[in-house]
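Here you get one chain, nothing else, as structure tokens; it is the form predicted on its own.
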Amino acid sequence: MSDAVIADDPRYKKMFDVRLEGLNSGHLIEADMNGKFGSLRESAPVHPGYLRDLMGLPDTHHNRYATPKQGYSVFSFDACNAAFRDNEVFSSKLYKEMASVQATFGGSILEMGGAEHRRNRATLQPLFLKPKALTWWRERWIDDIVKTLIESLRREERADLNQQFCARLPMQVVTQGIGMDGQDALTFREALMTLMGANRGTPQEKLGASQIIETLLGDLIARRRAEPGQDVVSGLVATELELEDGSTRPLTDHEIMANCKLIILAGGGTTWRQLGITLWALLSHPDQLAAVKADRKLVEPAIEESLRWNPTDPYFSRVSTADTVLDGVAIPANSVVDICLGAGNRDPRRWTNPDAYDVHRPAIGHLGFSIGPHQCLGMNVSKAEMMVAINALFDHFPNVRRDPDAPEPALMGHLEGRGMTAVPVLLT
């Protein structure tokens, strides 16, 4: 496993580069978006118009849906919270109309709503609950992978934690947690990104990527049906799906495959970016860095504050299933509703001095992992990874600090995913 975790493979730089990710998406955004988010939120909690249009970004958005739709955007905490929690009216079934999602995750919980979503999520949820994250996930994967990465960093005086630490940990944890060999992690993620269009692959390259994914996951599912192990696929093979009439049946290979693809892509991407954002927030606030090093009870608040302050995924979209009203704004049925949690998380009506990063801030709920029925399935595993990683880093490198000679990193990417260009540090 250790060879796969610390491999000097050029694909790391290709796949864990937020600037390249933004370019490949067709709309790199290098500027800080929080000022514009805040201006829109303060002018109205809900606006007619797609978020992309309101932000003045290039129009690469509207053709992603199967049928033409009006757009509305939500900015205040209360309105974002209400929209996320009401998944019957503000439905995730919008993803059924997105060709890239259907090609990659068709049949996953991402696109489901209501009772169908609850029944299908129930087959996955037990594997990602907090007690499971703090025991099963930690003991089997997180602790060992963090240890391997820390040992590799011991050879260095300076490092880019984004590439050498943040990117490698979650990708290896989630891939091995599914049940794959660590050597397959980069191959699988590269194929998934190609299939989704993130690598701007040709039709032939996308077909090849699809075949790689189907082979790797299909072979794994077949092996686990014959000989179960201690991993997510084995858990899903043993799980029964409750049907609408109350009867149950085993999950199909397609259902297992669709949800595993979603888990691997999301689990390997969001935690990478958010861990980098958290570390850079601390490194660029030396007083708070010193406080967290001295009092490890502040590690969890530091992570939660980074999720509030700069969530890596600052918005999600839903579709209105009926004519409705949100914060006084009439929204017709079959409209796209862009929920800007990045703006909601800095609402001054909920937080004092919300634009500041503050690990001592009183703990109240934020939207960094979304909320409601589609709250991030893997959030407990993600937080466990970040807590173990940050504690280990400070344990072994008590003098870790930002590298003053390295180019200044920046938070950038595309509208759907933001992260640090680098996390340059001195380790000794």
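One rule holds for the numbers: they count along the sequence shown, beginning at 1. Since this is a predicted model, take the numbers as computed values, not measurements.
Not on display, but discussed next: the form predicted in complex with ligand HEM.
Q: So in the predicted bound form, are Ile263, Thr271 and Thr312 all sitting within 4.5 Å of ligand HEM, heavy atoms only?
A: Every residue of the spot touches ligand HEM in the predicted bound form.
Q: Can you check whether Gly267 is within 4.5 Å of ligand HEM in the predicted bound form, heavy atom basis?
A: Close contact exists here: in the predicted bound form, Gly267 approaches ligand HEM to within 4.5 Å, heavy atoms only.
Q: Could you tell me if Arg318 has a non-hydrogen atom within 4.5 Å of ligand HEM in the predicted bound form?
A: Flag for Arg318 set to yes.
Q: Should Met386 be counted as a contact of ligand HEM in the predicted bound form, where contact means heavy atoms within 4.5 Å?
A: So Met386 counts as contacting ligand HEM.
Q: So, Met55 and ligand HEM: in the predicted bound form, are they within 4.5 Å at any heavy atom pair?
A: No, Met55 stays farther than 4.5 Å from ligand HEM in the predicted bound form.
Q: Heavy atom within 4.5 Å of ligand HEM in the predicted bound form: which of Arg121, Arg158, Arg296, His254 fits that? Just give me the one.
A: Selected option: Arg121.
Q: Select from the listed residues Phe128, Tyr357, Trp351, Trp136 the one whose heavy atoms reach within 4.5 Å of ligand HEM in the predicted bound form.
A: Residue within 4.5 Å of the partner: Phe128.
Q: If contact means a heavy atom within 4.5 Å, which one of 64-72, 371-379, 28-36, 397-405 is the stretch that engages ligand HEM in the predicted bound form?
A: Among the listed stretches, the partner-contacting one is 371-379.
Q: Going through 103-124, which residues have a heavy atom within 4.5 Å of ligand HEM in the predicted bound form? Please give them in sequence order.
A: Contacting residues: Ile109, Leu110, His117, Arg121.
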